[in-house]
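Shown next as structure tokens: one chain only, the form predicted on its own.
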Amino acid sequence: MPTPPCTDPVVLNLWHPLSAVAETAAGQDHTTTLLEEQIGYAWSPDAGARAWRTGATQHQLPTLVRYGYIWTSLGTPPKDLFSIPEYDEPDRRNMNASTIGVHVSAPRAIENFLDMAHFPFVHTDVLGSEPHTEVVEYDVDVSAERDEVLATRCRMFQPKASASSSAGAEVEYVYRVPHPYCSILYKTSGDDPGRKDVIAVFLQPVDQEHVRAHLLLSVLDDAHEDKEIRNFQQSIFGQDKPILENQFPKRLPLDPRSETPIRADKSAVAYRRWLSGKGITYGVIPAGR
């Protein structure tokens, strides 16, 4: 078998999302690109999911169906994916908000997802507004045991935090990065302030500078139709997309001297160090280069 375009063993051994099950026609073959390779996949209620490298051999790949998506790996992945226990709570609305192609590396997209400082300026009068521009002190932990980055006590005033919000409020966020190309956001629910809505971005690296961003919503909202909930999240990502695509360089520099961090960047700095510690080279500019 020829040498694959991606030679990063860490990335090859990860699970990667391919498609939302709800948007995959059952019993039909589909194709997509993952790590610069053409991948075929299929799903049906009876047979479950399959994935394969396209070509004469149709080399079969491991598959998982988790959180409403089909996942595969081009290497030897762990037995299971990271946990999102909220997804299984019976009163939640679980859906793929959208799958959007973006001209940026997966690590750059995750870093943007972690950034609260842009809320008042990019998502004006929705996720932020002036004069509420300060990112207050928050905590970041890199857990070796859980193998993830966790940011807690993140707070920001938001005029309209979600489709179910009726007024502005200070919203508490928790960010998890349990996978180099996936991040999960927990934010105060507009329907139940004692619980949190879940918004996750699962990135499919098409190549080192292009992704397909799969946006999972697991929310508490009895008042709005799926279309309204999706439209709200799509409008937010639509505002982020041009910012992401104008990032330079498109690959994320891991050298701590390459870009000057500020206090609001604590989670991004921790994420970069975590990637560097893993030895990841795909979609990044490794330190020293």
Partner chain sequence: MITLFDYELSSDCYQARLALAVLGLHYSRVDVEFYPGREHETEWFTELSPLQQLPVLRDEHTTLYDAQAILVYLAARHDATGTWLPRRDPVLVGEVTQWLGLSRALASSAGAARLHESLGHVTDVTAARARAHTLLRTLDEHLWFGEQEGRSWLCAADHPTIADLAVFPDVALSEEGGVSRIDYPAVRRWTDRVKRIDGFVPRSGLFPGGSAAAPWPR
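In this text the structure is predicted, and so the values were computed from the model without any measurement. Positions refer to the first chain, counted from 1.
In what follows, reference is made to the form predicted together with its partner chain, a form of this protein that is not presented.
- Remark: none of the three candidate residues (Arg50, Ser73 and Gly75) comes within 4.5 Å of its partner chain in the predicted complex, counting heavy atoms only.
- Although the partner is absent here, Ala42 lies well away from its partner chain in the predicted complex, with no heavy atom inside 4.5 Å.
- In the predicted complex, Ile243 approaches its partner chain with a heavy atom inside 4.5 Å.
- At the 4.5 Å threshold, heavy atoms of Arg93 stay clear of its partner chain in the predicted complex, well away from it.
- Proximity of Gly101 to its partner chain in the predicted complex: non-hydrogen atoms within 4.5 Å are present.
- Of the candidate stretches 233-241, 60-68, 32-40, 216-224, only 233-241 has residues whose heavy atoms lie within 4.5 Å of its partner chain in the predicted complex.
- Screening Val201, Ala151, Ala97, Val198 for any heavy atom within 4.5 Å of its partner chain in the predicted complex leaves a single hit, Ala97.
- In this stretch, 205-224, the one residue having a heavy atom within 4.5 Å of its partner chain in the predicted complex is His210; the partner itself is omitted from this view.
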